[in-house]
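Heads up, the chain below is alone and in the form predicted on its own; it's given as structure tokens.
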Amino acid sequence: MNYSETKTDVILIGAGIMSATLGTLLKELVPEWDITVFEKLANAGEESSNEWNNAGTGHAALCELNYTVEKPGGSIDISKAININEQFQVSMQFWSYLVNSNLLRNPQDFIKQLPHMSLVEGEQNVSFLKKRFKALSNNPLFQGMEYSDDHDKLIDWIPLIMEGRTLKEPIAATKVDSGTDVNFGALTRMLFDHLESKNVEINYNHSVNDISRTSDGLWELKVQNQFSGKIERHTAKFVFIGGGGGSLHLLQKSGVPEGKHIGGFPVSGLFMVCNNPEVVSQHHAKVYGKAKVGAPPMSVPHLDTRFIDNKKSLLFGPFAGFTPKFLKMGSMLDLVTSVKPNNVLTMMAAGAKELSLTKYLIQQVMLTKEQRMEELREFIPTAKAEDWDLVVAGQRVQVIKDTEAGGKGTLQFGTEVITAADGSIAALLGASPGASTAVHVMLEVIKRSFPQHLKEWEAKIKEMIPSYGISLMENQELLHEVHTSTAVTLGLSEKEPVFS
């Protein structure tokens, strides 16, 4: 077979938002390093980062109820919400830096201001929302949050949701006008266009089949050109595996001990999209409800205004589902082939623990369109079936691992980075809030993988992210500066009219 061999400094696997972010950070920190990207699909941002494959929520914990937990005594733990909000502020600062430096243009093509709302029904849920509002609105990160259980006020905020609603139970909502809708697909493509202009070699239709360590400590990748069938060998000092659901298989092939005893649980999603412009024009917010009992956190129902291809859309979902594929464009054998001797007990333990989740996912798969419409009518009582179509969203692979708190085979919800002890290889696993916190997560990768360079890079990192190493919550002056400057640079107005 015909082999060619190429050496480079950094290899990024997968052309999604994570690789795009890491590549852009490294090119700013060390422009002289050679970076090579391999993506098995024909374009950047085609899997989880694609605008139709995720909710596009700039996750800042403004509306997601699962980031705030009610403790046994009745108080609300907001620590996770604070962390996620701070992490999103990091992304906003980096994007602003790129726009100010003319490395990205037209921020309105990837980010727009949009109110973020939480909506609940029932006495117990309203009591929870009121306590949550009190806990968050006292925190400087969540200033500007409003609460209402007033019927007329809610009609003003969410007319489409309130129309035709018979109020048998109390209803309440919170609203933050400074929320955002982010087109992560557009942002990913813009970042890769920028990287290409900086001489980063981007190889589409190239599939990484194997990763192994060479005797001199480099990583060697066996890569197949899908057009010619030719096998290429590429070596690098550092490899980042950012292939979404495909990351677990590649991490396992690397053989690093940190990749052992880890499994993946795939969850698919569907959205309903409104095709009636008249209905779309009546809603202007992302409205998140509460997940049903037994539902995974990523299945929190929400009705979202979206801006895709500069067109206003309305999406409802996600409806969860199950397929053994780890990627939307993956293989039906993905789940089976991810089971190895070192993780089989972890996977079996998770299977036994998560029977209710499995049952829930199977029930979701079996739903008819009319049953899905019934769920939608809990949000929009007047919804008509002919106005809504079904869209298959992205595939998510939740991490399964053994933890002290949860024991063997614990299902993790969130984003997780696995790094080898020497920092030479890192893999991103997991799902939401993923894309929104990409800059924070990739800075963590840099911290773990390049500790010897951190001192010399610190000034540049602080130029890109003024709050680097500082808690915004504890530095209100800097928080105000960051909020104001990012809003101006990214073209986010103080308040948009709800309806034209």
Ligand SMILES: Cc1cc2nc3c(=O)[nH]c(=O)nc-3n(C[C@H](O)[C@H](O)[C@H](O)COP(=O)(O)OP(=O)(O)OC[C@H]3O[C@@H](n4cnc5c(N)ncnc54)[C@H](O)[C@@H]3O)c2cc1C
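Quantities reported herein were computed from a predicted structural model and do not represent experimental measurements. When you see a residue number, it is the position in the sequence shown, counting from 1.
As for the form predicted in complex with the named molecule, it is not shown, yet the points below apply to it.
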{"query": "Contact residue in the predicted complex, chosen from Leu160, Ile78, Val399, Ala393 - any heavy atom within 4.5 Å of the named molecule", "finding": "Ala393"}
{"query": "Candidate from Val208, Val120, Ile380, Ile111 lying within 4.5 Å of the named molecule in the predicted complex - any heavy atom", "finding": "Val208"}
{"query": "4.5 Å heavy atom contact, Leu327 to the named molecule in the predicted complex", "finding": "yes"}
{"query": "Proximity of Gly264 to the named molecule in the predicted complex, heavy atoms at 4.5 Å", "finding": "no"}
{"query": "In the predicted complex, Ala285 touching the named molecule (heavy atom, 4.5 Å)", "finding": "no"}
{"query": "Residue contact check: Ile11 to the named molecule in the predicted complex, 4.5 Å heavy atom", "finding": "no"}
{"query": "Site check Lys40, Glu47 and Leu428: each within 4.5 Å of the named molecule in the predicted complex by heavy atom", "finding": "yes"}
{"query": "Location of the named molecule contact in the predicted complex, chosen stretch of 55-63, 24-32, 456-464, 443-451 [non-hydrogen atom, 4.5 Å]", "finding": "55-63"}
{"query": "The named molecule in the predicted complex - contacting residues of 218-244, heavy atom within 4.5 Å", "finding": "Gly242, Gly243, Gly244"}
